[in-house]
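Have a look below at one chain only, the form predicted on its own, in structure tokens format.
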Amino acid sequence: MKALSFIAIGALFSTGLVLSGMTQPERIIGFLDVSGDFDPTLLWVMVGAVLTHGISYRWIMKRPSPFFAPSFEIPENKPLDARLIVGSALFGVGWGLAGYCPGPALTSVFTFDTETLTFVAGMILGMVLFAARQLARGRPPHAAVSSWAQADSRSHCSPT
């Protein structure tokens, strides 16, 4: 049941990306082109997401626990570090140049567009290179995620 719900959530997210036009790199690049042919579509998608989250968060947190986990996981604020800043900058530059981030890129794979397939191949290559680097340092490929999760283990909470 848990896997089925993940598939349904992914399908809903993908549908939202397609309907909002966020799988079209021109929309993202148009949003970032504030001095040229500005396209505010991404702004409205963001406003819709923030409003949806703002309304649903309080309603969801009234539950004793999530449907498929024993408790809610609320991350703590962490200080900014070089790894976060560099990673964010790389993501932003890549997003601005290509007009894709991972979700819309994976959703757009099924268009079989050469640029999309090239972007996704590069994204996967980057993930593989990162995993190889982690292994070379004697860490498992998922060390970045697992170390963050271990540091956040005390933030697992049930709202009371």
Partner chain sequence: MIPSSSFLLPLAGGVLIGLSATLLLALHGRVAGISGILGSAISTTVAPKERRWRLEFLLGLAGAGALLRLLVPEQFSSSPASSLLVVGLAGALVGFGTRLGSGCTSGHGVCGISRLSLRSMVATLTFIAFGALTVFLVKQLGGAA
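Basically, rigid core = biggest C-alpha set you can superpose within 1.5 Å across the two forms. Numbering follows the first chain given and starts at 1. Quick caveat: nothing in here was measured; it's all calculated off a predicted structure.
Below: the form predicted together with the partner chain, not depicted.
Interface residue remark: Ala136 is not counted as part of the site for the partner chain in the predicted complex, having no heavy atom within 4.5 Å. Remark: Lys62 does not count among the residues lining the partner chain in the predicted complex, judged by a heavy atom distance of 4.5 Å or less. Residues Phe13, Ser14, Thr15, Gly16, Leu17, Val18, Leu19, Ser20, Gly21, Thr23, Gln24, Pro25, Glu26, Arg27, Ile29, Phe31, Leu32, Asp33, Val34, Ser35, Gly36, Thr41, Trp44, Val45, Met46 of 13-46 are found to place at least one heavy atom within 4.5 Å of the partner chain in the predicted complex.
With a cut-off of 2 Å and the rigid core superposed, Leu32 has a Cα displacement that falls short of the cut-off between this form and the one not shown.
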